[in-house]
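Below, in structure tokens: the form predicted alone, a single chain.
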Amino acid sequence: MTAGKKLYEGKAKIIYATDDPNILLTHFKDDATAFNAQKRGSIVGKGEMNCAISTHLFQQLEAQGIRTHWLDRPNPNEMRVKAVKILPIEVVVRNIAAGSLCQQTGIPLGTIFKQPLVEFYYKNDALGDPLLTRDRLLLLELATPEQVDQLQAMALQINQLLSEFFQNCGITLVDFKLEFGLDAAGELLLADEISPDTCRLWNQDVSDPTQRVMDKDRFRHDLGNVEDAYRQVLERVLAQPIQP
């Protein structure tokens, strides 16, 4: 199966049609952006590493009952996926205070929450991807009330599974972003990617708040050794076998 017409190009990926209308080809790029694309750059090998990490994590989640759009990985930086209609909602799950949450609330960095915090953001670059209340989300008709409940439940389940997985990797899952889409039957599937681009990951072997960072924050804040951090995540993830 070969790539056909380019359907969409985002900050980190290009989506192509294939000869099967129910299957798309996702090409992972080395391009890196931060702060709503105000900062741009490139991370050598990022596309291939993120594709491999996402593939392994999608397979792990599938084995544990989470339905995803993942099909296979025909090339190092390409993933075949089920065609879905992406909901314009970014679902963020936070286990520990970091990033924008600290800036907006004053909660100290590193504060561990008694229970995970699930947030919804409007996937709209022109508006700056604003935080949405449930009522605003429903007012904008971005999802039905039933879909919002399902998004919340799936996000919490995925968080539990990924937190346990990363714990076995010696990595703390601080927070992460998920995207979901509807397939032809109207079923909600986990989509997009799960990688150091979309997760905030801290190395449990390191206490220094700068050196422990293993995700795109290294690029955002010019911490250096970005490629090495991604590669270390890749190696630890792939070392964990897929388990039901």
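The first residue of the shown sequence is 1; numbering continues from there. Quick caveat: nothing in here was measured; it's all calculated off a predicted structure.
There is another form of this protein, the form predicted together with aspartic acid, and it is not shown here; the text below is about that form.
Screening Asn36, Thr210, Gln204, Ser42 for any heavy atom within 4.5 Å of aspartic acid in the predicted complex leaves a single hit, Asn36. Site residues Lys11, Lys216 and Arg220 are all in contact with aspartic acid in the predicted complex, judged by any heavy atom within 4.5 Å.
Only one of 52-60, 65-73, 182-190, 27-35 lies within 4.5 Å of aspartic acid in the predicted complex by heavy atoms, and it is 27-35.
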